[in-house]
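One chain comes next, on its own, written out as structure tokens in the form predicted on its own.
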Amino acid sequence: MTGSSGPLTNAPGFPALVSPPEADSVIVIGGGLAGLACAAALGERGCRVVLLESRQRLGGRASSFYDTESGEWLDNCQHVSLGCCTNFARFCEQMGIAQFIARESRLTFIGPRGTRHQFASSALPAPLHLAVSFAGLSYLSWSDRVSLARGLKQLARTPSHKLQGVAFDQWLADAGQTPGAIENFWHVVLVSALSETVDRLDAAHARKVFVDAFLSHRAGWEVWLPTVPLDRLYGAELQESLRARGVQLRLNASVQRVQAEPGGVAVQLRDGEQLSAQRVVLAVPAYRVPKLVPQFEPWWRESEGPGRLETAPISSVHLWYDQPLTSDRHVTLVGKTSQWLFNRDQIQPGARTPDGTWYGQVVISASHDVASRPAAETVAKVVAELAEAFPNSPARLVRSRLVTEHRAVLAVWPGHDAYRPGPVTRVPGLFLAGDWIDTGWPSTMEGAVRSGWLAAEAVLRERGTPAQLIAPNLPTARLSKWLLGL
């Protein structure tokens, strides 16, 4: 979907181009993953790129903040990638930050009654590599497990286009999934992956999670975790990689207005400075686009426009105990408000607390209810759930902090893809990037990198130097093709 251009006239109070833009000049607005991927790709291919970021740091929503009580820099939320996220992996390699990512090939699930289960690949080929782990989930009854096996096969064999716009809870009912399988498996996986409950999910995106992560390739499900704080991940090494590609990086450069004109695109900063370029890529959240570009406002207000898109919140409960609560690096909690506990002392050993306390972080995806109730209530519930999960631990809570990212990810409700635009707009010289545009992926780090490279591909095509930037998916195993028709 593309937007209507509107008249190419200056907005009230907006000055004309101060000078003709330089040849091959591109301004990328936004220093999140989408903007970083776009700027690096264009700079590497000879474009004159200026990357504008309104804050003092890069990374967008993947950020750290200073906690005055502990004197520490804390990540707003634990960010996770998967083995099937090939473009994020390639981006990390290209930008020299892959050294800060650890691959986790084993997960621990704690069931509703406290049973522990190790989840890892067996020697069998995909899609059977996880069959032993699935079969060992004792909190699922045998009827749940049989239902689950049938459901996964049916989901994989259903073409994605037939699932678009279908509510996943309806699909689960039609597929005869048991309540236990829905609550303790389908919901557990999907709410962590897509930050929505099954009744608010598009079935096509649910299928993508299971096909790409669990059924196509042995390594698709493996979890990748940053081993340094997010500000460090998007810090010195990445900035040096941008400069090596000729990208001019400007932090604390807040944009007020963007205006496309016949001779190029004008960008006005909040301090009054005006820049110009042949092309501008808006790598910002969807809700910010029409505020920056008045020419897009009519498009955003259309019944079929991007203004229909919604977001979903993710909450993070930061917890400090007087001694280690667990030696596990991370634990998935089934049937709890606390979906995933990360042992930050283990994952980021260089970030140990100065007062010697043990630091863990609980992630609550699709946290609509959390955002509407007192923080103390959520913290108390999480602490009680952890006490149930680790009944033998003598650790006592010292302090806590709840952080909610209210617009964390794009809400993947049924039919939302129809409102996601591509990178090309009808306004000459203006392009879009961000995990909310149409990438074929949900709102993830992988989707953000893909969007940046899709925007860069569009700029390069218009420039007359087309390039293929998107990395191929992991190869589908032969047995997966034969058994599931993938």
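In this text, all values refer to a predicted model and were calculated from it rather than measured experimentally. Note that residue numbering follows the sequence shown and begins at 1.
Although it is not shown, the form predicted together with a small molecule is what the next lines describe.
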| property | result |
| --- | --- |
| Contact test, all of 60, 292 and 444, partner the small molecule in the predicted bound form, heavy atom 4.5 Å | yes |
| Residue 55: touches the small molecule in the predicted bound form, heavy atom cutoff 4.5 angstroms | yes |
| Residue 280 within 4.5 Å of the small molecule in the predicted bound form, heavy atoms | no |
| 4.5 Å heavy atom contact, residue 162 to the small molecule in the predicted bound form | no |
| Residue 90, heavy atom within 4.5 angstroms of the small molecule in the predicted bound form | no |
| Answer range among 47-55, 65-73, 421-429, 455-463 for contact with the small molecule, defined in the predicted bound form as heavy atoms within 4.5 Å | 47-55 |
| One residue of 261, 222, 405, 169 in contact with the small molecule, assessed in the predicted bound form (non-hydrogen atom, 4.5 angstroms) | 405 |
| The single option of 108, 121, 78, 346 touching the small molecule in the predicted bound form, heavy atom within 4.5 Å | 78 |
